[in-house]
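First, one chain by itself in structure tokens, the form predicted alone.
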Amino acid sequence: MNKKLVKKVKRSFKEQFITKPLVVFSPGRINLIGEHTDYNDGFAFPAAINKGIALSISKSYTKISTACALNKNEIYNFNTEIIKPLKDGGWRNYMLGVVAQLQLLGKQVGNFNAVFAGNIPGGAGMSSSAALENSFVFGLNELFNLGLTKHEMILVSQKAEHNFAGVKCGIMDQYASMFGLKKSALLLDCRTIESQPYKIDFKDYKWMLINTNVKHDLSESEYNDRRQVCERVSGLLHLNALRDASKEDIDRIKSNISDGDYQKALYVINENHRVKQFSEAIKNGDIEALGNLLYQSHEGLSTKYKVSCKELDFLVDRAKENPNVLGSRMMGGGFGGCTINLVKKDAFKTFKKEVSKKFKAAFEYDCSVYSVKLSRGTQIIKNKKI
């Protein structure tokens, strides 16, 4: 939770509205390993981080709801009785999608006033959209006494993204943002939507995120295309999802699908295995194995699932050249965003400077480097904490 961000949002709310707000903080997430496995009912290893969305919200006693996005300096007025997706609605559609989904559940959502801001870099693969959805569903649930559990809330957030933002995401982002634990990552079973926490302490190493600052226009359509490929292959196998498939299974239908679809399905099967191996390596304290699994994951994402890009591949290649980096891979949906790197603590600043210089020389613009802490999930912020 970022106190400075929360204070900024609360102060802005008080300047615009008379009522005392409910304050919610919803974190973004990183994913240690297990990319594109969630919509295949598979396994992933996410963690909430100390970057996120701060939301101040209260009931409106008029027929108008007002939402203010501080980062964008945008205000949107609407009535909760008339909710529909907006063309090029951006952040508005995530919020409106949450309201619409609550209404589909038969929940009465009155008008409200809201101010929010975030410090998650946009397009970096840290799930700013899930954090935004979760902040609103959590706030509205509390404000209007809707009685939803956290598990019910993340399904509302997911369906908001499906139906109003048009991205057929899995459940990992919303889950990690809602259920995150301090200093822990979550081994998430995306079929049962249950997780096992793992305390994360990599001794002499820490996580570094390197943002390419690239967000290709194809990312959403290509993401949905990958999901369709997986559903098509699992359908040919008469399985509910690729989580249930083996290499032998897809080898049997290899002649019935394109080589591209075969490689994508094989990636998902292998990535699920890697997540399980990753959890075992954490239990055993095998840091070298963790790093190797990260590199294997990126290789699969780049050459089999085809969701990387030249900037991401460049950063992973530079990590491989440096003996102080144990592992690296792209993180998120792909076609831009961040790499996640396991870097020796005493070499963190040196590698940051070195990789930034090489990236600038190769692409003639800057990458951005972050360190993050693993934190609690979506929560109400009491006055004494601000």
Ligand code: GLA
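Throughout, we count residues from 1 along the sequence that is shown. Since we're looking at a predicted model, the values are computed, not measured.
Just so it is clear, the following notes concern the form predicted in complex with the ligand, a form of the same protein that is not shown.
K.L.:
Within 4.5 Å, heavy atoms only, one stretch in 53-61, 356-364, 313-321, 326-334 touches the ligand in the predicted complex. Which?
P.N.:
In short, 326-334.
K.L.:
Just to confirm, D41 within 4.5 Å of the ligand in the predicted complex by heavy atoms?
P.N.:
Output for D41 is no: heavy atoms all beyond 4.5 Å of the ligand.
K.L.:
Could you tell me if G89 has a non-hydrogen atom within 4.5 Å of the ligand in the predicted complex?
P.N.:
Heavy-atom contact with the ligand at 4.5 Å: absent for G89.
K.L.:
Would V233 show up as a contact with the ligand in the predicted complex if we use heavy atoms at 4.5 Å?
P.N.:
V233: no contact with the ligand in the predicted complex.
K.L.:
Considering non-hydrogen atoms and a 4.5 Å limit, does the ligand approach I154 in the predicted complex?
P.N.:
I154: no, not in contact with the ligand in the predicted complex.
K.L.:
Only one of L242, I210, M172, M95 has a non-hydrogen atom within 4.5 angstroms of the ligand in the predicted complex; which is it?
P.N.:
Looking at L242, I210, M172, M95 one by one, just M172 meets the 4.5 Å heavy-atom criterion.
K.L.:
Using a 4.5 Å heavy atom cut-off, which residue among Y198, Y223, F202, F78 comes into contact with the ligand in the predicted complex?
P.N.:
By the 4.5 Å heavy-atom cutoff, the listed residue in contact is Y223.
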